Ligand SMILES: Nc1ncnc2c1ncn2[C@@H]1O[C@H](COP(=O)(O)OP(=O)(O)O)[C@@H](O)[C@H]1O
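In structure tokens, the next block holds one chain alone, the form predicted on its own.
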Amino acid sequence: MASILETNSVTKKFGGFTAVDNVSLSVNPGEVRFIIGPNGAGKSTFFKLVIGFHTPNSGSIKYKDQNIEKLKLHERINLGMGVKFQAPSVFSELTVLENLSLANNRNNSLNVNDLLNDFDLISEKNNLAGDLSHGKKQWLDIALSTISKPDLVFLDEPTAGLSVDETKITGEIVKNLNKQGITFIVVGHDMDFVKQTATKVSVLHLGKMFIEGSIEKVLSDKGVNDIYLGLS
């Protein structure tokens, strides 16, 4: 199966510090790929490389076999990618419905009412987005990144600040959207969310790819347990 996203020996340096060190990653269509690792592992920098906030010092990034490492974020989005940042980036002065209408830029989009129902926003569709709870702002932000039915969506810490119940609902929403044909790459550290949602996991440590595989393989690896406990 041809990969939808592939990074080949991507490296990013800031002065003398190497934040991402020779990382190669291949994500197939249909995956919910999680990128995890302890603080300082390079997850955030890698996320910014693949969405276009940073340019790698070396290596390549391909989306559907097209080199994109020199493209800006909006150019990558136009190719059929969606992005949700850690902090909700909704338009607070617009209603929920207006936010979704603004983000819907493709003909082959998801049904707005279905999205509103899935994200428990139907009763608040005419409310200002700024008046939503933190959890519902996170859900609206995920809806904004997926409404145009991009082929690949990047989610950065999508459950940050959510309750246990809200996190479980978010996991079910992501799995449902995945069944509708959206591939996900998720940066996160909530292991319950990872276990619920991931089809494959990549672990970064000190800027390098440490291990990849199923959630069972990754969590049973002694080295993974050591780095999360600070033993290496």
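We number the residues from 1 along the sequence you see. Quick caveat: nothing in here was measured; it's all calculated off a predicted structure.
Another form exists, predicted together with the ligand; not displayed. Remarks below refer to it.
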{"query": "Answer option from 51, 194, 182, 41, heavy atom within 4.5 Å of the ligand in the model of the complex", "finding": "41"}
{"query": "Partner proximity in the model of the complex: residue 19 to the ligand, non-hydrogen atom cutoff 4.5 Å", "finding": "yes"}
{"query": "Distance check, residue 167 to the ligand in the model of the complex, heavy atom within 4.5 Å", "finding": "no"}
{"query": "Residue contact check: residue 26 to the ligand in the model of the complex, 4.5 Å heavy atom", "finding": "no"}
{"query": "Distance check, residue 45 to the ligand in the model of the complex, heavy atom within 4.5 Å", "finding": "yes"}
{"query": "Listed range touching the ligand, judged in the model of the complex by heavy atoms within 4.5 Å, from 169-177, 195-203, 61-69, 31-39", "finding": "31-39"}
